[in-house]
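We begin with a single chain expressed as structure tokens, specifically the form predicted on its own.
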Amino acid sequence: MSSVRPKRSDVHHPEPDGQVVPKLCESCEARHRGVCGALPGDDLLRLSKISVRKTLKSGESVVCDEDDVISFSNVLNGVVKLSKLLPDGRQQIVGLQFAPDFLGRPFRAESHLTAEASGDVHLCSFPRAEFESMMRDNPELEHRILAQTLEQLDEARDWMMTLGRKTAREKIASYLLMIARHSAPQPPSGQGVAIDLPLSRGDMADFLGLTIETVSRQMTALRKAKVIEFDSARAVRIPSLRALERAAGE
């Protein structure tokens, strides 16, 4: 008598390749565009069994500078602020991470920066040791991590130019353009983009090397020039990305 293996309730069997995909991962952005896209179904299932979904409120830390790193995460939704703290208490925001970015630095036991939620953030976290083991076993996963790291390096170099050479207005426009490109990677042709600003005016000033007064003044100037529109203090509408690109000096 032949027996029929019962279908597992925690996985989905897509056609035609028959790869098992955990239900948790079916609609996950990190699986399709992030590092988990490099994992075959079995490894994805292995990772999903040790993964934990987390929701952080604004200001909550993912990891702090000099903390032991015990887990990595995929950013599923929201923005994570990366910062360094000087001995006298001054903070410098050194980067932002968006969905579906990988949050963590493999093969390093101690964090070298603070990662903090800027607004509500949803993460999928998994143990560092297990993920590093999967990287050793899966060259495609290691390649995906390297590609994302190099992309972030390119963005950091571009941002150095923004901070070092652009005017205050160009800096503000460049920041808005970065948020818009991450919020809508492929905006409808000819249509505007609506974004929620993840940073306060104070954090924007810190990130851009400006004063709060300069940030507010230049935001107002961009509004008067009809480059941006405000729906609220944090909700901004960009009627034309071309106009914002010109304002950013691109």
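For clarity, a rigid core is taken as the largest C-alpha set superposing within 1.5 Å between two forms. Note that residue numbering follows the sequence shown and begins at 1. Worth saying up front: this structure is predicted, and the values here are computed from it rather than measured.
Keep in mind that the form predicted in complex with the DNA is not shown, yet the notes after this line are about it.
With respect to the DNA in the predicted bound form, the three residues 168, 200 and 217 uniformly fall within 4.5 angstroms at the level of their nearest heavy atom. In the predicted bound form, the DNA sits within 4.5 Å of a heavy atom of residue 212. None of the heavy atoms of residue 235 is located within 4.5 Å of the DNA in the predicted bound form. Under a 4.5 angstroms non-hydrogen atom cutoff, the DNA in the predicted bound form lacks residue 46 among its neighbouring residues. In the predicted bound form, the DNA sits within 4.5 Å of a heavy atom belonging to residue 223. For residue 224, a C-alpha deviation of 2 angstroms or more is recorded between this form and the one not shown after rigid-core alignment.
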